[in-house]
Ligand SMILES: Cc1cc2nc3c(=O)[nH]c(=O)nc-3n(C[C@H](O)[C@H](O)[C@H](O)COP(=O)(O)OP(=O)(O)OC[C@H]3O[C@@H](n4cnc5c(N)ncnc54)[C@H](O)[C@@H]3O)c2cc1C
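As a starting point, one isolated chain is supplied in structure tokens, in the form predicted alone.
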């Protein structure tokens, strides 16, 4: 049996794929789907997020984006989602194989990402990035300011130009994790709502997990468990995100991100919009129900999940520069999450140094995007890409 430690989008995706393959699996998490996956915007945007020094990350992201249509279709069916009446919101075009039912169920959309520039320097930098993308053979379109506003009429008049990555997509991570939990329940996969205090070892081999006691303010231990309970396993798959380093020697750290969710009766935008404002990146991700996700700060503050006035001010200030109309929207939610960062920004996926331990952590900003690829790598697929995120690149991981 496998035990998956972590109930975010990565851990749940791994458990679901293992269950579909007939492998006995148990998920352990004190509050599934409530961490970074709950806060995430859900951009599936490997092209628009490419940088000059992260071509390996681009390869991983593009490969995982190709897997999203089949992943979404299988998950929609397994979770028993009922398609909404009528066509999916937005243009009919989308990733190959994505039906209207899938888009409705998970709010999976593929109208692309529009990266915009304001000043001459911003436009020049965006032009250089476009040249780099074109050199890599990535599908991008250079746009004038007028063309940008034709695509997104709510953009600020000061937009000088932009870059469209038409193949980028996005999804609602909260719908995805809810569907994964439903799919696991339908397959009778045990979900233990408890923390893990340590990995069990026998002669250097990881043989299971010990459950942590409930917090002092918890009225009782999770159903079916007691303080000190142990779960034995052939493999322990560590997918605990920013908390992974507390259970194994992995170079993962928390990177705080504050995010806002705004709401309007109808969607303000038809695609993801992003730009550099005051030297900081900001993005706006629309949902089909009128929600607009604005994010996200990047703060090295340890395990600090406080939402601060300064962080929200910066987000709203920068978003207003891109789309002035955001100030008229209702504030639906503010939240902070912890991304699991690594020294090279690549995830850590594969066997740990200790037998019986498998790692699936360190996805940083790309957990939602790379969930399908992560599950595939752990099932022995994508061997050529597995080496890029192998734990072996860091010494003494145990």
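Here the structure is a predicted model, which is why all the values come from computation and not from measurement. Residue numbers count along the first chain shown, from 1.
Keep in mind the form predicted together with the ligand is missing from the figure; the text below concerns it.
Of the residues given (357, 346, 65, 41), 41 alone sits with a heavy atom within 4.5 Å of the ligand in the predicted complex.
Though the ligand is absent from this view, in the predicted complex it lies within 4.5 Å of a heavy atom of just one residue from 259, 292, 248, 81, which is 259. Only one of 347 to 355, 364 to 372, 326 to 334, 55 to 63 places residue heavy atoms within 4.5 angstroms of the ligand in the predicted complex, namely 364 to 372.
In the predicted complex, at least one heavy atom of residue 32 sits within 4.5 Å of the ligand. Although the partner is absent here, residue 105 is not a contact residue: none of its heavy atoms lies within 4.5 angstroms of the ligand in the predicted complex.
Among residues of the shown chain, residue 5 is one whose heavy atoms approach the ligand to within 4.5 Å in the predicted complex. Using a 4.5 Å cutoff between non-hydrogen atoms, residue 71 does not count as a contact of the ligand in the predicted complex.
Of the residues in 231 to 255, those that come within 4.5 Å of the ligand in the predicted complex through at least one heavy atom are, in sequence order, 239, 240, 241, 243, 247.
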